[in-house]
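The data below hold one chain only, encoded as structure tokens and taken in the form predicted alone.
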Amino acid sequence: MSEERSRDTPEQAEFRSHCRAWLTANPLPDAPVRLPQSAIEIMHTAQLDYLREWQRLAYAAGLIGCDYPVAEGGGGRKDCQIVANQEMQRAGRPFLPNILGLGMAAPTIHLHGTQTVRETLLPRLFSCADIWCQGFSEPGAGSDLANVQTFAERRGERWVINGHKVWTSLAHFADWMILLARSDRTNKYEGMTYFVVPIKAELGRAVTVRPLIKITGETGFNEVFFDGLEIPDDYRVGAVGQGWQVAQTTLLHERGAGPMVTPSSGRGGDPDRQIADAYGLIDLARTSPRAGKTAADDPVLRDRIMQLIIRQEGSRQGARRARVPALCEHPQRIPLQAKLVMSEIRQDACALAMEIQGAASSFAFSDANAPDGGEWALGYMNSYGVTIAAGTNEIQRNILGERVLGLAKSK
């Protein structure tokens, strides 16, 4: 962290000292239950309660929403959220459960919402008093997001919403949803409007949430059905028909290239020994038996591990470069490619871990005999959600080709 300190502004240096002192003085108790690998896999109230209290404490200490205006529940600082993120990761603190709210809803509401919406909803989002989810994907509109069919009909100063969203992470706990809906069936791109929608208050009436069970047995994803949900026009974000443009702000932040930096941290515990970190493969290979030796004795396998570590380090050094404007020929290239590159490194690292473990990789994470608690195999199965989320990696390559490299649009 000395390198980060050397680049800190005076405000960042003062804030870093505050973050480090608070994190040192306020250790978290051990989790009473097994924590999932990321926020989108939270499936039990006990998991959520523990993580929710962690976010509440971090917000009260000023480590969340640092760069947002004070009137919106933020800290009123400048470029300090990245400092808090670095210190939370250094301290090995777990991820924040309201990740969809922090990473997508908050910046979109801040940049496009009315003053009343910003000042009413954002403080509760930052403190985790309210959980948020994202209502974009539908059965016929995943990567082709412009094909959304959930319909919002205007009736005076109210809107009536009917439709079906899917792959909605955290909807089973969510109080609010950011929703992209069609408001005009005659115009594809200019016929969408963006809303913030209260869903928990309408469960069992105008809103139905149905969990989707994944191959891992976890239930982070959900289907959400709207049957005549009425909301006031005050919950519209941006102008009528401008939902597609507002959604681009959400997607930009979801893909890591937005101007409002948001917290992201690990699972908790040792920050240098995280599942899906390529360095973890070294210890795994050293402890995995193979033909009377260990997997680490195989020179080909050692080379494959090192190739993954080189890719991972390349991505990390790219993130450092992104913080130096003079080294960035295009402001969005490195942030946009980070999701693509790191999601594939994660998937490849977990796949190699399963190869290293051999037959033992078939043990479930609930099996006491599973190496590393079965986390590598679980990470491999979960990794496909990451390569699909925020637009598939194929879509991400198109975006990089068209917006960064200036290539012709694919047909």
Partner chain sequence: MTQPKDFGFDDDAAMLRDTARKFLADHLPTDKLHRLVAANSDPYRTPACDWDQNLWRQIVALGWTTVAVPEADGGMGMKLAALAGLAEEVGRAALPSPFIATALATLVLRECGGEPARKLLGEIATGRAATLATTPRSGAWEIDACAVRLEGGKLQGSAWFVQDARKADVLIVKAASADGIALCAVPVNSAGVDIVPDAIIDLTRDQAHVQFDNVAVAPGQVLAAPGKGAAALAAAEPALLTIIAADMCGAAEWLLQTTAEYARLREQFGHQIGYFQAVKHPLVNLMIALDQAKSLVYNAACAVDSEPERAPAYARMAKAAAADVAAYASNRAIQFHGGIGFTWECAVHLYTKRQKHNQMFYGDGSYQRAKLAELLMGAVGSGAAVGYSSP
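Residue numbers count along the first chain shown, from 1. In this text, all values refer to a predicted model and were calculated from it rather than measured experimentally.
Form predicted in complex with its partner chain: not shown, discussed below.
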Worksheet item: Does any heavy atom of L23 come within 4.5 Å of a heavy atom of its partner chain in the predicted bound form?
Response: no
Discussion item. With a cut-off of 4.5 Å between heavy atoms, is D184 one of the residues that contacts its partner chain in the predicted bound form?
Written reply: no
Worksheet entry | Touches its partner chain in the predicted bound form: Q245 (any heavy atom, 4.5 Å) | no
Fill in: Heavy atom of G241 within 4.5 Å of its partner chain in the predicted bound form
no
Item to complete: Can you work out whether its partner chain is within 4.5 angstroms of a heavy atom in all three of L145, V166 and D234 in the predicted bound form?
Response: no
Worksheet, complete the sentence: Among 189 to 197, 221 to 229, 205 to 213, 297 to 305, the stretch whose residues bring a heavy atom within 4.5 Å of its partner chain in the predicted bound form is 297 to 305
Fill in: Contact residue in the predicted bound form, chosen from A105, A285, L170, A152 - any heavy atom within 4.5 Å of its partner chain
A285
Discussion item. Can you work out which of A201, A129, V324, A71 has a heavy atom no more than 4.5 Å from its partner chain in the predicted bound form?
Written reply: V324
Worksheet entry | Residues in 368 to 398 close to its partner chain in the predicted bound form, defined by a heavy atom within 4.5 Å, in order | E394, R397, N398
